[in-house]
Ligand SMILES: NC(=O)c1ccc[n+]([C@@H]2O[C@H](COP(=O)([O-])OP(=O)(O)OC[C@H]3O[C@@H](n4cnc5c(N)ncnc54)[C@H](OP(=O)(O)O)[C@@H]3O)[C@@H](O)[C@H]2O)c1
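The chain below stands alone and is given as structure tokens, in the form predicted alone.
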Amino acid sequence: MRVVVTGGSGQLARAIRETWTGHEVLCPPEAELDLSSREAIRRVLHEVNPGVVINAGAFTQVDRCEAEEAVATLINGTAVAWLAETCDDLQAKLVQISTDYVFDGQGTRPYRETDPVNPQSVYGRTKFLGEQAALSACNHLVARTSWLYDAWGKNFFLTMVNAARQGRALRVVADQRGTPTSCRALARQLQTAIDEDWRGLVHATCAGETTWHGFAAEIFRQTGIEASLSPCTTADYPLPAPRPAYSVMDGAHRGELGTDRMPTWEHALVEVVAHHRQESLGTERP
């Protein structure tokens, strides 16, 4: 099957390219498949005629969204409606990647797909608009995920590793709980969802939960990097956009839809660390 992934230069798009088998995966450059242009979306998708469109493109700079709400609404909301209408024209499935930020973070047990949403930030509100637009497509799957990272791109894992290697003292938030999810783990689950024709809304994070501080500590344990790491609170570093204090999502529905391939977050990290170590060794060779 021919699959188009938006956000072609992003970390999830790369994971899909590297892990998917048995499909023709195309990741057009953002300048070509421009989510801010209905005409570009329609032109590119009609030319390629995919069976599946995975919308991994988004305005994900959470704090910038607070100051640039119109742009966030266009990319995270309106563009998804354009993708949905075009997918319907082509009889293609639309897979929308969404976020834990649609919840208010006040929960005390993992969020289920049936729980009410209550986004507290512009990013969360615009991503929820995207969910609603995707659900209007005749053939759709909305996959909520959280705390994405991998051995490439810009993410918490690489920020921690690079900062520690530079000898910087690190204070990391210890009062926000969620689930780190590697892009490659999500990518594999998405292929299974496509192959098994999942539909509707599903939570797609790794299993388990931790804090950002706990995630950092496990990164340094697995990499063997000695780091000066201490906990802090969200209040110690106020930011324009509120962060969910609790954003763990329940994954039981995956097993009801088909094959649940999501590993624990600690196990997913093992693979990312091994990849990063291998790439680092390759870079260091004369």
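Predicted model only: the values in this text are computed from it and were never measured. When you see a residue number, it is the position in the sequence shown, counting from 1.
Unshown form predicted together with this ligand; subsequent notes refer to it.
Each of 7, 55 and 60 within 4.5 Å of this ligand in the model of the complex, by any heavy atom, yes or no? Each of the three qualifies.
Which of 164-172, 106-114, 138-146, 191-199 sits within 4.5 Å of this ligand in the model of the complex, heavy atom basis: The contacting stretch here is 138-146.
Give me the residue from 250, 218, 30, 68 that has a heavy atom within 4.5 Å of this ligand in the model of the complex. Filtering the options by heavy-atom distance leaves 30.
Closest heavy atom of residue 126 to this ligand in the model of the complex, within 4.5 Å or not? No, residue 126 is distant from the partner.
Within a 4.5 Å heavy atom cut-off, is residue 35 in contact with this ligand in the model of the complex? Yes, residue 35 sits close enough to this ligand in the model of the complex that at least one of its heavy atoms falls within 4.5 Å.
Taking heavy atoms and a 4.5 Å cut-off, does residue 84 contact this ligand in the model of the complex? The answer is no: residue 84 has no heavy atom within 4.5 Å of this ligand.
Would you please decide whether residue 158 lies within 4.5 angstroms of this ligand in the model of the complex, comparing each non-hydrogen atom pair? Looking in the model of the complex, residue contacts with this ligand do not include residue 158, since no heavy atom lies within 4.5 Å.
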